[in-house]
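Only one chain comes next, encoded as structure tokens, the form predicted on its own.
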């Protein structure tokens, strides 16, 4: 039986004993770390009832990190032999020596590279070997057919991405952590067309249905029901009027809160960005070092956390890539900015509190400050009450487009689907809904947050940052949220 599962440690040749490898290199620099990264990615898809994609890719290598003359150097290698690792170590040491002449900080090694030992594994209750490749692909084919609820559905896609990742980290001072991840993401989308008009409706905005979990959520009947709804909503949008353009109260669904959290909380709070490290590539931040403990980022209903401990959320882990143990921390408490997204290195440089978020996207990238799970904590309201208290407003779902300036300050976002709220009741569907704002005033307009029963967890595998570029996985959770008097407008942006 051909299954989806290809266990990393059991079926791959030429396995590298990282504990032995660190012994080969110990003494060649003041400190050495090795991070062995192995990943298998399954891409499966169907379009309009036909198979569209069926491939498996594999990536493996080691990042060699050295600390020498008070500075760090890196060199990645896919040559997993003693000679290959020794050459990479030599090149990393040369980089450290060259950088030491111009270093921005004289690091205390014990402060930025803790000694850690431990094991983490994704919470999986239904392994990949429970499903045959044929059955998995057939579910996607049937899903693409279920999306075609009408001849006006001109394109129906269903795809899934399964990733098995192993990260083993050892260091010359005794760190030894092994983390094994199983990640599942799937998306369904229907495009409806009438004349020159077309509208696309997807499952939570396309990239949001991502979790760190096994096949326990892979239920064919539930997937087909979702696809039927998506197809019908695409047709609704085709016939709907354009979103009005005026100020009104705005309720954002959790699948749009994903992007709102990501762009206007996550990125501006990255300490390396605040320090200026990203300014010539991904941009700076409107947040300044002196804002921590002082800036009222949002209303008192706003509580945002960094939490890589949530079971099943896309970017959960036990240690970051320098071995720092990960734990839940408040970034914003009762609307007040209290902590940044900065690794031990950025904390050392900035003298600001941070989190365990030193992360690399693969073996050939050095870790930098990255988001993991950034969540908006639940409040005491619920969606029904939010709608009832809104005299004139709009409920928007699922991101379609985004734009935000280099300082992560001014933004405008477009959504796939919206319904107007009139006199406390949901009324007509409108298409091409957009809204814009400025980060701090926008979050200070937050006037209701859904309760814990209405929290939804999403994620995305496509968060880009760094030079050279790194694309990494992040998770976000939130309930529905109500914002007061936001500038809303219609049209495709």
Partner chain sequence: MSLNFNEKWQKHFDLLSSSLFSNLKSEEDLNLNLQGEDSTFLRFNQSMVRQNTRVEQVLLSMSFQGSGRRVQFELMLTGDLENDRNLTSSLLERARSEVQALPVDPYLVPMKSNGDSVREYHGKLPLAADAIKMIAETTAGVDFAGFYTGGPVLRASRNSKGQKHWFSSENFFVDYSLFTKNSDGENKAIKGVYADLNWDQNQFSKQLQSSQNQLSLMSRKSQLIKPGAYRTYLAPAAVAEILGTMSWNAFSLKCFKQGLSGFKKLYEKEKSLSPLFTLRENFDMGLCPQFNQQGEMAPAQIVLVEKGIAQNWLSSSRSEKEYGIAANGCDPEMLRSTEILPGQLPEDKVLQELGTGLYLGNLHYLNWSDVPGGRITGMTRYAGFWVEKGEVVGPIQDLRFDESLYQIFGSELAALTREQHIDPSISTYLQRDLGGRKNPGALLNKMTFTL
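Numbering follows the first chain given and starts at 1. The structure presented is a predicted model; accordingly, all values stated were derived computationally and were not measured.
The form predicted in complex with the partner chain exists for this protein as well; it is not shown, and the discussion that follows is about that form.
Which residue, 86, 263, 173, 377, has a heavy atom that falls within 4.5 Å of the partner chain in the predicted complex?
By the 4.5 Å criterion, the partner-contacting residue is 263.
Consider the chain as shown here, without its partner, and state which of 229, 333, 365, 148 has a heavy atom within 4.5 Å of the partner chain in the predicted complex.
By the 4.5 Å criterion, the partner-contacting residue is 365.
Contact stretch among 220-228, 312-320, 411-419, 163-171 - heavy atom within 4.5 Å of the partner chain in the predicted complex
That would be stretch 411-419.
For the spot marked by 24, 268 and 441, is every residue within 4.5 Å of the partner chain in the predicted complex through some heavy atom?
Result no, not one residue of the spot touches the partner chain.
Partner contact for residue 469 in the predicted complex: the partner chain, 4.5 angstroms, heavy atom
Answer yes; at least one heavy atom of residue 469 falls within 4.5 Å of the partner chain in the predicted complex.
Give a yes/no on whether residue 244 approaches the partner chain to within 4.5 Å in the predicted complex, heavy atoms considered.
Looking in the predicted complex, residue contacts with the partner chain do not include residue 244, since no heavy atom lies within 4.5 Å.
Would residue 52 count as touching the partner chain in the predicted complex under a 4.5 Å heavy atom rule?
Residue 52 belongs to the contact set for the partner chain.
Contact flag, residue 457 vs the partner chain in the predicted complex, heavy atom cut 4.5 Å:
Looking in the predicted complex, residue contacts with the partner chain do not include residue 457, since no heavy atom lies within 4.5 Å.
Can you name the residues of 19-39 that have a non-hydrogen atom within 4.5 angstroms of the partner chain in the predicted complex?
None of them.
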